[in-house]
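The chain below stands alone and is given in structure tokens; this is the form predicted alone.
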Amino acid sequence: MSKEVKFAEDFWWGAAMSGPQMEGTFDKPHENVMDYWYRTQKEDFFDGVGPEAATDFYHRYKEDIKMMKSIGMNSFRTSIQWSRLIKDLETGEPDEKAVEYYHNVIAECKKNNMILVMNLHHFDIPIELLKKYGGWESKHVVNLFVKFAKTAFELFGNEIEYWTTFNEPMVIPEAGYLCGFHYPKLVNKGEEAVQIIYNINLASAKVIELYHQMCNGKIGIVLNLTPAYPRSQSPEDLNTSKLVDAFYNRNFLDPAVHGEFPEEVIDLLTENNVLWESTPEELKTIHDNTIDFLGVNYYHPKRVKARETKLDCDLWTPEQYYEEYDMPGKRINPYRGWEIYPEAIYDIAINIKDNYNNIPWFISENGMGVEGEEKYRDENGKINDDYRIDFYKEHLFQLERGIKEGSNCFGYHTWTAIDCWSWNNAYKNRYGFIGLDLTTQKRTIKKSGEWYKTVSENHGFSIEE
């Protein structure tokens, strides 16, 4: 028996991408942290592939935007690169080639009647600011980010209706300072991570304040929400999951929507003498400058349990309070190692409705990375990625459930439109509706892209119950 999954006629159907993962490094006045990481430690990157060409959106944006429109996308998100737009990082003076490029991208979106969401930071701080000031540990860098945003708003602020300040800000302290996955590849640097969390929240609030002074559109933030599910309903596991949720999700979600940090996090950090440095004026800025809308990136949940073995670490880190729980029977994407759990999108939708003022929000990323997609190519050269279609159907089904119960979700963006460079994973896992031949840069629409067009045109799809 089939069920109709339906969305509003003005619902956003699109995809997300980012400058550093799509454009290539052409004509940039500065290296960002990922460019530098690749140049100095190529062995960290799958097959040694770096960002020099990436998907060459820098030269191919016209055909790419047209192709995205052809598969039913009415919107997409990308980013302005700090390291591309700004020539003088201290003054915020722009680079003229970059100004022309971004004006052209914006014009092409308007020509194709595509809603553009422009993000300001996608893990791509200029490396000079990390080397010279310690990156997001520094409040001077916060102020330089505000100068960058001011330049962007002066140039493009009223040409684009939707802006976001950061993409997945928790990844910066988590991957770079706690887990060592991203450059500078530090581990268990909890005190530094905590200050970075605070400083990025401050930077976001300052940019939101500036935007509302200068422009007439809407500004938000994009957060990767990974609901923390406890191993059991025991008080120990429940308390652990609440603490993990507070640290990894609510540390950005609460300030963004409510203007305040979670009390349990402040209490925990104070008790351990690792609370961030703040001023009353800064906290007022965070309190008074909240988002207009929220972007939610969802890929997988967190499964946690109360810590059973003491963490062997002399430094403070949130991991001393929990352990990952390997839940028996969970579904896994074997290529990425992530759990597939569509029901979490429903839980996120209801959480936003009940606890975050039912703020307008959209799924800003959701996707399935698969290695070796060539094996699914047919005799006509098309990749038949039915697994991706099934993945999206399941997640959209859960999203529609949340919307029917009143959650104020207005769109769905996948990751991503065209196969892109994924940091040190490079092109190992492909995510796009449109396949990319790295050698020729030829683009080919996958079966999922054809499916997405029908979903957009019909405002939904049928699913077997």
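Note that the structure is predicted; figures quoted are calculated from it, not measured. Heads up: residue numbers just count along the shown sequence, starting at 1.
Only in words, not in the display: the form predicted together with a small molecule, which the text now covers.
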Here the chain appears without its partner; judged in the predicted complex, the stretch of 391-399, 336-344, 96-104, 172-180 with heavy atoms within 4.5 Å of the small molecule is 336-344
Among Thr78, Thr165 and Thr414, does every residue place a heavy atom within 4.5 Å of the small molecule in the predicted complex? no
Given that the small molecule is left out here, which of Asp385, Glu365, Asp245, Asp254 has a heavy atom within 4.5 Å of it in the predicted complex? Glu365
Tell me, which of Arg250, Lys206, His122, Arg303 has a heavy atom within 4.5 angstroms of the small molecule in the predicted complex? His122
Does the small molecule come within 4.5 Å of any heavy atom of Ser422 in the predicted complex? yes
Evaluate Trp37 for contact with the small molecule in the predicted complex, applying a 4.5 angstroms cut-off between non-hydrogen atoms, and reply yes or no. no
Contact flag, Ser241 vs the small molecule in the predicted complex, heavy atom cut 4.5 Å: no
Answer yes if any heavy atom of Trp361 is within 4.5 Å of a heavy atom of the small molecule in the predicted complex; otherwise answer no. no
